[in-house]
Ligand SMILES: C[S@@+](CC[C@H](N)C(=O)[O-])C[C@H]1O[C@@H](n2cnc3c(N)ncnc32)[C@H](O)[C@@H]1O
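We begin with a single chain expressed as structure tokens, specifically the form predicted alone.
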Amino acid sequence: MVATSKAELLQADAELFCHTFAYLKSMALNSAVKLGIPHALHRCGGAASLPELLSAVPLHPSKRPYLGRLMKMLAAAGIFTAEDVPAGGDGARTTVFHLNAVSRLLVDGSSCMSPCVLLGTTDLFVSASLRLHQWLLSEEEGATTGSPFMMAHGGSLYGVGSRDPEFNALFNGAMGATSEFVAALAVRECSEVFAGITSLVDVAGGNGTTARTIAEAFPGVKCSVLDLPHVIQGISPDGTVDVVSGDMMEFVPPADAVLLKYVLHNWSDQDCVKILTRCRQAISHVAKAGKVIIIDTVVGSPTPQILEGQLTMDLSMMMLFNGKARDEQNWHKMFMEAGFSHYKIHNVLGMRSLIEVHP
């Protein structure tokens, strides 16, 4: 048995406590977004004392004493930055809270990720996570037990979305936000990937945010979005992006390039091979050999924080879809089974990568 010093034991005790109650950090973050705290700090020039925050955030008067405790916890977690400063000539001090790189992502703008926070902490996701142990003990996987989400809600995430307009709007909003964030990085960091393309179809492209970003950055590319009817309901062609209703399992419209952004991690290897095969058929209809562009996780970052993010993504896909985040070996195997010959991974999108796949 390995000897443990008193300091190591107490450190381990504190770490275990923090892991056990880590969900409170998620719920505190959820509350901060819903209360508009990042926006309030932004309106104050990026920093505000507690009294200034209290005047800017709509709390019930009886709950005003609690805001400081919420903010201190979020600052300790790295979501905001806290600084003690003098509060007068009598030696008194006060705490000023600042936006930092993390919380700036929660302020309205071109990179606002608040919708993703709200989706990830929605009751539907949290209640599904509570079924994880039960799902791991279950013997069969069927229409209502194929994932912890299905076990908790009696159907798939997309099925719930088709009959729950509020959740569908929340989901589409989050997908639009992450699409805007990632697409802007992709067209900037990987512009050579889109060189020479004249047509692109964004498979399962939601509200068309990614396709629109590509079309605006590369005016010579005719972009379209393929998605299920309930997803694209109410989205009208705007002259920049065409909208196609359909099921990627059955048909992918022909184009020079097919984009799969955050699609394949939802599916089993077998289903991914089927989707990739449909995509290969779509790019085979063009005059010259096209390519498939994948934006997804390739697990294996040397950076601990990014690796943890990738593994958290993997666990969330298991919980929501019984899907998974994949390492390069797994991607390679699927590409070969779907009839592709070679690929190139661009590790320039943090937790995500851009992969060019060629027939």
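Numbering starts at 1 and runs along the sequence shown. Here the structure is a predicted model, which is why all the values come from computation and not from measurement.
A second form of this protein, the form predicted together with the named molecule, is not displayed here; the remarks below concern that form.
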Just one stretch in 188-196, 204-212, 91-99, 69-77 has heavy atoms within 4.5 Å of the named molecule in the predicted bound form, so which one is it? 204-212
Looking at 276, 282, 124, 175, which is the one with a non-hydrogen atom within 4.5 Å of the named molecule in the predicted bound form? 175
Exactly one of 170, 132, 235, 228 comes within 4.5 Å of the named molecule in the predicted bound form through a heavy atom, and that residue is 228
Would all three of 307, 331 and 353 be in contact with the named molecule in the predicted bound form, where contact means some heavy atom lies within 4.5 Å? no
Does residue 103 reach the named molecule in the predicted bound form, with heavy atoms at most 4.5 Å apart? no
Residue 254, heavy atom within 4.5 angstroms of the named molecule in the predicted bound form: no
Please tell me whether any heavy atom belonging to residue 107 falls inside 4.5 Å of a heavy atom of the named molecule, as the geometry stands in the predicted bound form. no
Under a 4.5 Å heavy atom criterion, is residue 247 part of the interface with the named molecule in the predicted bound form? yes
